[in-house]
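Only one chain is included here, represented as structure tokens and corresponding to the form predicted alone.
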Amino acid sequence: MAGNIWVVADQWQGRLTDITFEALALGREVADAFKVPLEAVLLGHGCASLAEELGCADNVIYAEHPALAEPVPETHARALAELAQQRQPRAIVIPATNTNWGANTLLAAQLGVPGLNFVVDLKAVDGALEARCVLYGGKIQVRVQPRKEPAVIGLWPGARPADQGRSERKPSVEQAPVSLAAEPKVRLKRYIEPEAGEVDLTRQDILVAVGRGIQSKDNLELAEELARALGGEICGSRPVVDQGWLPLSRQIGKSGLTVKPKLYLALGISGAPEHVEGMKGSSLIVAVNTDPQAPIFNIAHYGVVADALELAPALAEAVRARKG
């Protein structure tokens, strides 16, 4: 129906991702503010059963097609464009993940409508949509009001808790045919899984993460010593891995691992959205950074404005003394 709020379900290998439910929670708020239905859009092939998990939405639009079996942004954008032209939603919220990356901008271009990226919040303000977006790795935030519909929203992870978008209710499901007549320019041939590391970081209760704030590889030993004192493992952000200070198997974030330890101690990590995506589910986040405005403090439960190189050895000594 025209004017509805759409949330595009993000799935990987037969499972809905957490950000799908984050998007549903946000979409529910916006739809209720505009007093219109919230619809989830599920694209795929042989995955109709996933619609049962989308009960936060009033209705699920399921588009089944063999070409949608793999997460090719071009193909997904074409399918969404077909559906949007038929139904005219007010906003289309697309989770910004590795599988969906690029679909939002392609869709906006095909429809000739505004496309907003890195959106962390979406509200109804005086009868209009208003999005809050992050720029430059989270150092700048802007508020944008799209002037044409439907607005295509590239939603960044962490906008809402995933649990708020989960529901035991079984939604109504509507089959929506899409033609997708043209051959896609990109076709996935196979997936290459990364080599397993010597330690499974996804099963660790305590992680000490390092960023560029440790300044050099020589200072890595300070973080390793702290991790040993705490009984945990060391990991890092992408810049640390790119410089060869840690192996890829220890990278946390959008292009690395997603972890949910009981304690995540971030040393010298600025808190770019790409990194936050991989660790925001940690039970306790403690951040140490010399910059009091570092974005990592926006999600940390506890923050210390200090030099990580000075704090790490002192903290390790205190932990060892506490353990006796």
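Throughout, we count residues from 1 along the sequence that is shown. Take the two forms, superpose them, and find the largest set of C-alpha atoms that agree within 1.5 Å; that set is the rigid core. Since we're looking at a predicted model, the values are computed, not measured.
Beyond the structure shown, there is the form predicted in complex with a small molecule, which is absent from this document and is the topic of what follows.
For the options Arg212, Arg90, Arg228, Lys123, the residue carrying a heavy atom within 4.5 angstroms of the small molecule in the predicted bound form is Arg212. This chain is drawn without the small molecule; in the predicted bound form, the residue among Glu29, Asp291, Glu64, Glu70 with a heavy atom within 4.5 Å of it is Asp291. Heavy atoms within 4.5 Å of the small molecule in the predicted bound form are found in exactly one of 183 to 191, 169 to 177, 123 to 131, 246 to 254, that being 246 to 254.
Contact check for Cys56: every heavy atom lies farther than 4.5 Å from the small molecule in the predicted bound form. Remark: Ala308 counts among the residues lining the small molecule in the predicted bound form, judged by a heavy atom distance of 4.5 Å or less. The closest non-hydrogen atom of Pro161 lies beyond 4.5 Å of the small molecule in the predicted bound form. Mapping the unseen interface onto this chain, Arg78 falls outside it, with no heavy atom inside 4.5 Å of the small molecule in the predicted bound form. The two forms, fitted on the rigid core, differ between this form and the one not shown by 2 Å or more at the CA of Glu277. The Cα shift for Thr290 between this form and the one not shown, taken after rigid core superposition, is 2 angstroms or larger.
After superposition on the rigid core, displacement of the C-alpha of Gly44 between this form and the one not shown stays below 2 Å. An increase of at least 3 Å in the separation of the C-alpha atoms of Asp291 and Ala159 is found in the predicted bound form, compared with the displayed form. One change in the predicted bound form concerns Ala96 and Leu257, whose Cα atoms lie at least 3 Å closer than in this form.
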